[in-house]
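A lone chain, given as structure tokens: the form predicted alone.
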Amino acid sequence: MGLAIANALLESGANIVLADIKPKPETIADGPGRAVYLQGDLSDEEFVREVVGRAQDHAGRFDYLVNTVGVWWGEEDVSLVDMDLDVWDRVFEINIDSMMLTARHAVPLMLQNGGGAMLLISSIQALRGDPLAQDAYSASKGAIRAMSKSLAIQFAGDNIRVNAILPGYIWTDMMWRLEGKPERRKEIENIIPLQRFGTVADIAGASLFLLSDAASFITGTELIIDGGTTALP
């Protein structure tokens, strides 16, 4: 999702810095915006400080923050009754601390510019329980949803807008459990009212809207992109 949003921004002419713990992807868009890639851990404040500072230097100002960082660890992320507490702690470090740290360092630069827009990626798991326990993931995504609303209210008077996207079933690398299991994939598609998984393009298009001036009166909201899944009774 992060790469799709980054490429949409680059294709719209934005100069951006991408950061991830993984090596630089080969599919970063050619432009017309200019891209810098930094590899590191976004739950590490020193790395976050470097990324935000580099973005300011690269673009000459800091207008947008998009944070899509997140992990779901399948068989390790189970009921909190049974989960290894190290798993709980690390999921929260990655999923929520990275959101806190990037916002912490981005907001002062947005204030210097007279405003900005921030987008945090949560999940529909922030809205519901699930028979397949994934308690660290769900709790961290709920925390992201709450934090986005808190930041939106805190900084609305400074013309900084903060919104969250809550994706449902989106076909990404996180769906590795379904590789080679077409029957299971079809079962899931059958419970989605639109009868398909979402795509990263679905997330990128909505993200550009929420960052743009077309969404200038939208803050503190959450956009559910789930093909109708959470509208089911």
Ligand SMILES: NC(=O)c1ccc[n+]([C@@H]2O[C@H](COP(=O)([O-])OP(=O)(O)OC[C@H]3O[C@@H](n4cnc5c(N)ncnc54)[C@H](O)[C@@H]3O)[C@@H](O)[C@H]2O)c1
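Each residue number is its position in the shown sequence, starting from 1. All of these numbers come straight from a predicted model, not from anything done at the bench.
The next section is about a form of this same protein that is not shown, the form predicted in complex with the ligand.
With the ligand left out of view, the stretch that reaches within 4.5 Å of it through heavy atoms in the predicted complex is, among 183 to 191, 204 to 212, 66 to 74, 53 to 61, 66 to 74. Comment: the ligand is not present in this chain, but in the predicted complex one of Thr102, Asn163, Gln134, Ser123 has a heavy atom within 4.5 Å of it, namely Ser123. Taking non-hydrogen atoms only, Ala35 never approaches the ligand to within 4.5 angstroms in the predicted complex. Under a 4.5 angstroms non-hydrogen atom cutoff, the ligand in the predicted complex lacks Ala6 among its neighbouring residues. Contact check for Ile170: a non-hydrogen atom falls within 4.5 Å of the ligand in the predicted complex.
The ligand is not drawn, but in the predicted complex it has no heavy atom within 4.5 Å of Leu111. For the partner-free chain shown, Asp20, Ile21, Lys22, Gly40, Asp41 of 10 to 41 come within 4.5 angstroms of the ligand in the predicted complex, judged by any non-hydrogen atom.
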